[in-house]
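Before any questions on how it binds or moves, here is one chain, the form predicted alone, in C-alpha cells.
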C-alpha cells in the first residue's frame, strides 16, 4: 500500500521483540486495522507461522487474542475471517491504539473527546465527593508534573495523562477506572494533535481548577471545570476540521 510502508504485515522476526506472541499480535492487529487484508482471504495459522517465522502455537495464541478483541472470527468451513469495524472492541487499548496510529482521523479524535466529555466531568464530580487523601495526592502529583513540564522538567504528555488518570481513579467508580487505559491511549494522540495546533501544552490553570474543586469537595465546580477543559478541545478539533486534508 502506497504511503503506509511502516505498517507492513510481514516484518522480520527480529522486529517482533522478545515476546513473539504479543509481537505477532501487534503486527497482525495493525495490518487488520489499516485494511491491509481488505477483501483477501485471511491466512491460515500455518501460513501466518511460516510468513512470520514463528511456531504454530504462537500464531494460534495471537489469533485467539485478536478474536477476543473482535477483529477476527473463526467459522466452520469458512476459516478465519476479518470482522468489520462495527465488531471491534473499541474499548480495548490495543485496538484503539492501532486505530489512532493509522492515518490521522479527525472524526475519531472528535468521537473520543465526545466520550471524554460524557465521562470525565462526572468522574471529577464523583471524586469531589468520595476521593480520599491518597487520591487527592495523586491528582496533586499530576498537576505538579504538568507545572514542571512547563519548565522543561517533565514530559508534558505523560504529565497531562497522569492528571486525568488520577481523577478517574479518584472517582472510585470501577467502570470509570476501567477506562483509564483507553483514556491514556487515546490522549497520547489527542494531546499531541491539540498541542500542535495551540503551539503550547495543556492549560495548567484550568487543570488546577479541577484539582481545587475536588480538594474543596465541590462536585458541581469540579464537573464544570473538567467539562471546560474537554469542551475547549472539542472546539479546537471542530475548528480545524476544514483545514485537515
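Positions refer to the first chain, counted from 1. As the structure is a prediction and not an experimental result, all values here were calculated from the model.
The form predicted in complex with a further copy of the same chain exists for this protein as well; it is not shown, and the discussion that follows is about that form.
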{"property": "Triple contact flag 31, 134 and 211 to a further copy of the same chain in the predicted complex, non-hydrogen atom at 4.5 angstroms", "result": "no"}
{"property": "Answer option from 126, 82, 161, 146, heavy atom within 4.5 Å of a further copy of the same chain in the predicted complex", "result": "126"}
{"property": "Residue 176, heavy atom within 4.5 angstroms of a further copy of the same chain in the predicted complex", "result": "yes"}
{"property": "Contact of residue 130 with a further copy of the same chain in the predicted complex (heavy atom, 4.5 Å)", "result": "yes"}
{"property": "Contact of residue 188 with a further copy of the same chain in the predicted complex (heavy atom, 4.5 Å)", "result": "no"}
{"property": "Non-hydrogen atom contact residue 118 with a further copy of the same chain in the predicted complex at 4.5 angstroms", "result": "yes"}
{"property": "Contacts with a further copy of the same chain in the predicted complex, stretch 51 to 78 (heavy atom within 4.5 Å)", "result": "60, 61, 64, 65, 67, 68, 69"}
